[in-house]
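Next up: just one chain, as structure tokens, the form predicted alone.
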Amino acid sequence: MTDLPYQIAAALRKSRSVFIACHVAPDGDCLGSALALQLALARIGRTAQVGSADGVPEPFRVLPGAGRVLTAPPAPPADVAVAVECSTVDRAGTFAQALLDAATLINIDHHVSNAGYGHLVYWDTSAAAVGEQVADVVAALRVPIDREIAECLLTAVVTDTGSFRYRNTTARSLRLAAELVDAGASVHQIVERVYETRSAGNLRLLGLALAGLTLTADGRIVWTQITPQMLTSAGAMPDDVTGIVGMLRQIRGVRIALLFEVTPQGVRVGIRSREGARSHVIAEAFGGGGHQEAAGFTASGALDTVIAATLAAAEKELQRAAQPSPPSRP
């Protein structure tokens, strides 16, 4: 463990109030990590609030503290603010200003595209999940991991490693998972809740999305779209969109999968990739971010325009991936 978790723990211990911000469209890693940190701070008598501009997706609403997550910025500004998995401040959505208004801003992230903002920056791209980094901070706080903290942290690790299926899974991930299971968390319960429990609306929406998918001529890029009309027809909720883009990537030969969702905030684009194609590079071209194999962004403008621009960026990325690596210098 580096010295940064201890510096962060010291700042948190001295704080009078803490605000913890999730990124927009939060996933299990971001929410689980934020809630685990909130619980750990409560154990040492520190008041902390968690905020998510897009609320809490249904699979994660059973996590301890999820029912108290803020969807509007707190007032007054917190003494210390923590940005969890936000590659830029803007990734916190409507909570960006709350981060900037804090006397001390802490940035904890494992995305390769982090901008390096904040007074304390714990940036570790070797971490499979930001939950691994938050576990380091919890240890530095000298807070024993109980069942509730373990449930949140294990949710973070399980979801960002795809139930330990993705290539980012490391021995560090597995050792931490074993510790969390020993503390009372259950891999089975998390997997069942996140991956194996779907609404009827979700399955109908999945059918509509798959029926409308389009492949490029060479079969390396696939995309589909979700419109409000499709949600209504399927009897689905916005949360039911989760997981669809990952299904697209399963098509044989596909290296980049794209999902375009029309929302009141703009066109939300989910990106999944494999075999060296970089999702985060495509997302960053439009102000978004993420991991190499999973990223996203939200764009303004007409759906057709966003689709065309994103496909062009995806094609450019595939062209780059096809280029031979430059020879190393002797």
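Numbers follow the displayed sequence, beginning with 1. Just so it is clear, the structure is predicted and the values come from calculations on it, not from any experiment.
One more form of this protein, predicted in complex with ligand AMP, exists but is not displayed; see below.
Using a 4.5 angstroms cut-off on non-hydrogen atoms, would R278 count as touching ligand AMP in the predicted complex? Output for R278 is no: heavy atoms all beyond 4.5 Å of ligand AMP.
Using the partner position in the predicted complex, report whether P57 sits within 4.5 Å of ligand AMP, counting heavy atoms only. No - in the predicted complex, heavy atoms of P57 and ligand AMP never come within 4.5 Å of each other.
With heavy atoms only and a cut-off of 4.5 Å, decide whether G290 touches ligand AMP in the predicted complex. Output for G290 is yes: heavy atoms within 4.5 Å of ligand AMP.
Any chance A53 has a heavy atom within 4.5 Å of ligand AMP in the predicted complex? Close contact is absent here: in the predicted complex, A53 is far from ligand AMP, nothing within 4.5 Å, heavy atoms only.
With ligand AMP left out here, work out from 209 to 217, 83 to 91, 69 to 77, 165 to 173 which stretch has heavy atoms within 4.5 Å of it in the predicted complex. Of the options, only 83 to 91 has residues within 4.5 Å of the partner.
Sort through V267, L63, A295, A48 and report the residue having a heavy atom within 4.5 Å of ligand AMP in the predicted complex. Contact residue from the list: A295.
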